[in-house]
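Shown below, as structure tokens, is a lone chain in the form predicted on its own; questions about how it binds or moves come after it.
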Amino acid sequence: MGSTNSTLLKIPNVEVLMQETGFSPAHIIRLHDRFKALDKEGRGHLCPHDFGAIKELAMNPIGDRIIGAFFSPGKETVDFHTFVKILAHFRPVDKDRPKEPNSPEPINSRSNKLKFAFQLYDQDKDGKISRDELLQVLRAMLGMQVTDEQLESIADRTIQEADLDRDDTISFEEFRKSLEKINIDHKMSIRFLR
């Protein structure tokens, strides 16, 4: 227990970070160890190429988009606190955790998970998923398994079904509605301690 406390004491504002993300001290320590392992040069921040060491991301067809989600526009580095806050989107919802009155919505709420997923598609950050943006993701995920004609058909059908205002794009609200029956917590959760 002593080494746990000494590790936590080295992390600035760790209590606030745990409060904001819902991660336990054990989770924070594990994430801190992972962050340090990725930060091979000991700079105190990560660059996009540092994420290449995560084989699951390297093998993921949209891994570059997931990595990009860690970085704010115009920023080329991410510090430990930001790293943890992004990963908190993938923390399973703690149904037993009491909701504090007047507290902000948890980072790992259904709505925030959907916003995170939406930004992986909305690459130009205009608040809508265009047919071209959808096609880019479909091409990355399905690659050579289907023809371009089939991909275009899938994209057109997806937009037709989700596009409620008929502007040929998918807004966040339309994206959210189209995924109402999907268990997004299950699909976007990582067990951080096994």
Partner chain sequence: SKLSSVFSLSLSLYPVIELNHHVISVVPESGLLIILGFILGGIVWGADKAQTFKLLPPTFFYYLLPQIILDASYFMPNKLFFSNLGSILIYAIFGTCWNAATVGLSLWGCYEAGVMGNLDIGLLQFLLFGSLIAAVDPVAVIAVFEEVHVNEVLFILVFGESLLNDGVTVVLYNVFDAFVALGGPRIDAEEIFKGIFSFVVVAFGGSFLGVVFAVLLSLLTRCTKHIQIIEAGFVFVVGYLAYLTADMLSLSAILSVTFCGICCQKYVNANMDEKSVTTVRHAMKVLANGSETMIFVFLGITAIDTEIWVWNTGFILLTLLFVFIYRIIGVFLLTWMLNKFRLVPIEVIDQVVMSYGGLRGAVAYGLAAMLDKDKIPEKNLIISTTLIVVYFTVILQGITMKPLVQWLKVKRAAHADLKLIEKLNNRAFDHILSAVEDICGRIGDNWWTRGWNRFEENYISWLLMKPKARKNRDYLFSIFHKLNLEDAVNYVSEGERQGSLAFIRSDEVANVDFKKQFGSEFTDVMPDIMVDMSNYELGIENFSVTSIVKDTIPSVSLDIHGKDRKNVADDINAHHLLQQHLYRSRKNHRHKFSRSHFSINQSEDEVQEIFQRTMRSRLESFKSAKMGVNPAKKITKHHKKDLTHKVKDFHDASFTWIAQLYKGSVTIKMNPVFLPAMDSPTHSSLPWLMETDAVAPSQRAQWRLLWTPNRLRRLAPMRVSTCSTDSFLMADLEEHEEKPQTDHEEEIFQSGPPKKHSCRKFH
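C-alpha atoms forming the largest set that superposes within 1.5 Å between two forms make up the rigid core. Since the model is a prediction, treat every value here as computed from it, not as a measurement. Residue numbers count along the first chain shown, from 1.
Just so it is clear, the following notes concern the form predicted in complex with the partner chain, a form of the same protein that is not shown.
In the predicted complex, the partner chain stays beyond 4.5 Å of every heavy atom belonging to D126. For D94, no non-hydrogen atom is located within 4.5 Å of the partner chain in the predicted complex, even though that partner is not displayed.
Of the heavy atoms in H45, none are within 4.5 Å of the partner chain in the predicted complex. The closest non-hydrogen atom of F83 lies within 4.5 Å of the partner chain in the predicted complex. Annotated contacts: Q136, G143 and K181 all touch the partner chain in the predicted complex [non-hydrogen atom within 4.5 angstroms]. Residues D148, E149, Q150, L151, I154, R157, T158, E161, A162 are the members of 148-164 with a non-hydrogen atom no more than 4.5 angstroms from the partner chain in the predicted complex. With the core held fixed between the shown form and the other one, E161 has its Cα displaced by under 2 Å. A displacement of less than 2 angstroms separates the C-alpha positions of A140 between the shown form and the other one, with the rigid core held in common.
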